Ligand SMILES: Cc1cc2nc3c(=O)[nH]c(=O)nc-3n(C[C@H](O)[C@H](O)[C@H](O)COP(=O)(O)OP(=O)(O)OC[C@H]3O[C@@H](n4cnc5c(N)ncnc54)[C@H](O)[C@@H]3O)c2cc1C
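This document starts with one chain, in the form predicted alone, laid out as structure tokens.
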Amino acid sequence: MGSAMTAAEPAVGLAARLSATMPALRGRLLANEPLAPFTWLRVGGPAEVLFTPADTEDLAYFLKNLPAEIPVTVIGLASNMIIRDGGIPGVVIRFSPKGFGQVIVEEGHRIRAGAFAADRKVAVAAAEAGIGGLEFYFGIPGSIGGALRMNAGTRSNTNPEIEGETRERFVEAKAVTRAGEIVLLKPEDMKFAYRNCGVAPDTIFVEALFQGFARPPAEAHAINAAVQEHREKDQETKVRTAGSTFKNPPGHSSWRLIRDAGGLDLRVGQAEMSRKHANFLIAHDGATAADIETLGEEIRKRVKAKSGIELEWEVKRVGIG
């Protein structure tokens, strides 16, 4: 998984150099900033440099002036992410609620949301405005930026009203390229697929517009409640977890493959697989990112040996071990 983070220059020096070469920068640059407190799993090492942009224009200015050889990693609510114990080299970009957390109701049953807006917040705002079709977001513990990148959605075998995917409600998104260009992306640009999209990984989403339909607020709130009930019944909600660890292979359910391969309650250090939902990986107090990733790889190994199917990580793993 790599060695401890090694930078071409001390992180403090890199942060100072970037600040000196970008006099118009309005966001905040911090060196050696701990990242574990920002993640749902509460594991991982520091960011070599953490940048919090003031707004979209500030982000564009930063990227335009950032040397091409310096790597960039974006984290949102980090609900679906493992940050490795060695931390993340280069620059980590994390949005602020003030600059990127807005949720705005627009005419025509539309919702505009910043990339750092929580999915649940979008579902609640839509329900209060009498907008249907976005209830599936109520049970997704992430932000809109991650929802766009992962084509986030909810599935149910018993209640189709709570199902949905980001691509079904997507109208357009604003993003900033690695070169610092602000672009507008339409559905055909997104190339949505199962738990993925085809937009270049180094393009950063900052805002999205979604299309819903008229639905009485009471009915929308009731569906939100059904989403929550479904989540609490079938998934882990009271522990530290990143949600579904692996994608569902075509024609299969990952949790069933893991169960059949003897993965229930399997443990490495302070990380273990859930008995309630076999595809959920739990981080107990004292867990390390190495515990979590090692456990995940052991699960993949066992499923491959049992079924011949190779599970693909749904949780994003970043940084160095």
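Since we're looking at a predicted model, the values are computed, not measured. Residues carry their position along the shown sequence, with the first being 1.
Absent from the display: the form predicted in complex with this ligand. The rest refers to it.
Using a 4.5 angstroms threshold between heavy atoms, M190 stays clear of this ligand in the predicted bound form. Mapping the unseen interface onto this chain, P89 falls outside it, with no heavy atom inside 4.5 Å of this ligand in the predicted bound form. Although the partner is absent here, R169 sits far enough away that none of its heavy atoms falls within 4.5 Å of this ligand in the predicted bound form. Although the partner is absent here, F138 lies well away from this ligand in the predicted bound form, with no heavy atom inside 4.5 Å. Figure note: of the listed segments 210 to 218, 179 to 187, 101 to 109, 143 to 151, the one touching this ligand in the predicted bound form, with heavy atoms no more than 4.5 Å away, is 143 to 151.
Applying a 4.5 Å heavy atom cutoff to this ligand in the predicted bound form picks out V74, I75, G76, L77, A78, S79, N80, M81, F95 from 71 to 95, in order along the sequence.
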